[in-house]
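Take a look at this single chain, the form predicted on its own, given in structure tokens.
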């Protein structure tokens, strides 16, 4: 029996409850491994019993992505929560995937360092990598894959593989870190990760421009300034509402550089505190991400306005997250997504309760992605159907 196979691993197992659902699909059981070896044992048991498995961290983004075709086991990595190694002199940290971003930030801050990903404190390292979630400072420091220097993963058959820093065993020909980042758990389980760190900046200042007119021109001027902002974010709480733009300046002489930035654009207020919306991610039941070249910002804003979408994100990185200002039907959401896709090079429906909406749009690399899926998970047991093209 499937449950007996899981129980033989010795890993803590419980029956699933409603809060364990993955994009609306309820698993049968929840396994709580405490080591990489126990993760491997669970995956071997799933392979023997042909059980579909979805990894989970803090659960903050389990509603992102398409519903899985099936989900027998939710692999809760909350017990893999140790900082394994912090080489402060080398600006490198190695952690287990269940470590929360808040706990990691606290540990690193004690040494005057940080992992510059701006993820919610309750999110986990593994979930942040699996969804490739970017924060405001991706403009300066890059996306999660850019700060990742090593990863340990467990494949669908239970094989433990490593790449990057501290290599023990790898999968020839593949950069596992880049493959698994943004894969939504469809290739295997991220168990450990090593990151490149940065010193904590001695000071931060925000230049806040309320009622920002001509946002494309303003964003371009902020991005090009010699004050070198770490982030430029745009917030518009509803269609037709005034937009607010804020730029973050970090490091030495942050106050003076923020004032230089204000003088360069001719408007705004310098503040030691971020605007209230800066750290409030728009995690809605319906959430869309648009990616575009910065010069296309005006068209994206016009499409959002026409379809009653509020938005927040980086106009300089070309990444905005949008959600409806009120209730939205499946037909209206599909129309809004279609309008955005006419103006952005990629539009992804991160979360929606509707199965008829095209979540991913055209994906040019889909044939290659399907071949990679076939090689890593030929039995389609790892979060089947969660990713683009039903991968």
Ligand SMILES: Cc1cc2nc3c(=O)[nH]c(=O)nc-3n(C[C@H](O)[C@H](O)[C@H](O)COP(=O)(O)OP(=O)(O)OC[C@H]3O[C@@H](n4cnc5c(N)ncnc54)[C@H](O)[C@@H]3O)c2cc1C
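Numbering follows the first chain given and starts at 1. Everything quoted here is computed from the prediction, not taken from an experiment.
If you look for the form predicted in complex with the named molecule, you will not find it shown, but the lines that follow are about it.
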Contact residue in the predicted bound form, from 320, 193, 247, 189 (heavy atom within 4.5 Å of the named molecule): 189
Proximity of residue 273 to the named molecule in the predicted bound form, heavy atoms at 4.5 Å: no
Interface membership of residue 33, the named molecule in the predicted bound form, 4.5 Å heavy atom rule: no
Partner proximity in the predicted bound form: residue 287 to the named molecule, non-hydrogen atom cutoff 4.5 Å: yes
4.5 Å heavy atom contact, residue 58 to the named molecule in the predicted bound form: yes
One stretch from 257-265, 195-203, 292-300, 123-131 that, in the predicted bound form, holds residues within 4.5 Å of the named molecule by heavy atom: 123-131
Site check 62, 97 and 386: each within 4.5 Å of the named molecule in the predicted bound form by heavy atom: yes
Within 92-118, the residues that have a heavy atom no more than 4.5 Å from the named molecule in the predicted bound form: 97, 117, 118
